[in-house]
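Just one chain is shown here, as structure tokens, and it is the form predicted on its own.
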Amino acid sequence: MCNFELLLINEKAKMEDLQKLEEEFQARIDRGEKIEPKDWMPERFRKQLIRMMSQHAHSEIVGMLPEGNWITRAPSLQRKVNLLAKVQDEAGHGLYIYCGAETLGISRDEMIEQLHSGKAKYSSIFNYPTLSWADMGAIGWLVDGAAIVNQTMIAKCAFGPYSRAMIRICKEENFHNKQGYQILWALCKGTPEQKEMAQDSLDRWWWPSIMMLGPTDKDSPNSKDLMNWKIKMQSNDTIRQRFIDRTVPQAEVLGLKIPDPDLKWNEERRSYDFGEIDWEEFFNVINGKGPMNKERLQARRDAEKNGRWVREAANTYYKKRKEQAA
């Protein structure tokens, strides 16, 4: 038997072993078991998780920027404290998820470099400007509301560290959602000018909030694998419909009008029909052509540069203490 034939036999044996491992892996997922970092997993499962988790972590960190812009301009001390606490929560969410992604064999430095270079994506919603105080309400109500609908599903996902992180994060996101709704409630019960400001904010944030839940199922190239592995528990379109169905009645309580002339209740489906989404805008934003893409990324690059001395000082102090202990 020649060397080439031996090579073919060995490769075939490896493929058969790999196929068996993948079948056992899928069987575990189908049984509802959690996959932990030290468990065997297909390489593409690992890569998809890294992509999804790093994108989520980046979104939490970049998401601090539109709100941080309003901390000093909030209308009362209580509002300042509440908003500051929320921004602090978002930083913590990013750290939880970065830590979970690191268990998959990628470093935080590498993930952050991918963000700053533009290689990694983050949620499209954070590339829109915050023009008024009402936007702090709209972000909490709409953006965090959409995130909750999505993330409560991730809390049931097959990867243990991601699932467990989402349990705590969703509790805090519920607080953020109620905080945002309360801001708009106060504005809507205030002067006509304040209610007009709330309506203007809803008009600007409604469609981006729907878009942030991802492209339609037919245009989502990763959804099939993610749902098969139970990383995603529901499709983008299903989650989007759930968000709309729960949010429209809340807008009616506020006395605000959803900016969608095609929105109407479908008695047969027991759900809302809604208008066509501008997917061209969505893809422009995620590809770097949104209103605030350049400013958001530059702010993160500046923060990395300006905070470098703190990290270097902390590392030097740690090494010094370690040497003293030795």
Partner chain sequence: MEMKEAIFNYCLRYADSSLIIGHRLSEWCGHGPILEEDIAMTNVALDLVGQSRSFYQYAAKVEGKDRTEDDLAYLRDEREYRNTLLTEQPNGDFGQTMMRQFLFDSFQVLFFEKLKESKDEDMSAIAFKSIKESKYHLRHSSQWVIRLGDGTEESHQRIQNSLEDLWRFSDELFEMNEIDEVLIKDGIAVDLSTIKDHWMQNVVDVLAEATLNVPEDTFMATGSREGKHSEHLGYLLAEMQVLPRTYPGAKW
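For the two forms, the rigid core is made up of the largest set of C-alpha atoms that agree within 1.5 Å on superposition. In this text, all values refer to a predicted model and were calculated from it rather than measured experimentally. Numbering follows the first chain given and starts at 1.
Form predicted together with the partner chain: not shown, discussed below.
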| query | finding |
| --- | --- |
| Single option in 153, 210, 197, 226 placed near the partner chain in the model of the complex, where near means a heavy atom within 4.5 Å | 197 |
| Heavy atom within 4.5 Å of the partner chain in the model of the complex - the one residue of 239, 233, 71, 170 that qualifies | 71 |
| Proximity to the partner chain in the model of the complex (heavy atom, within 4.5 Å), stretch among 158-166, 77-85, 141-149, 242-250 | 77-85 |
| Contact test in the model of the complex: residue 19 vs the partner chain, heavy atoms, 4.5 Å | no |
| Partner contact for residue 133 in the model of the complex: the partner chain, 4.5 angstroms, heavy atom | yes |
| Heavy atom of residue 108 within 4.5 Å of the partner chain in the model of the complex | yes |
| Close approach of residue 312 to the partner chain in the model of the complex, 4.5 Å, heavy atom | yes |
| In the model of the complex, residues of 273-310 near the partner chain [heavy atom within 4.5 Å] | 299, 300, 303, 307, 309, 310 |
| Exceeds or equals 2 Å, Cα of residue 303 between the shown form and the other one, core fit | no |
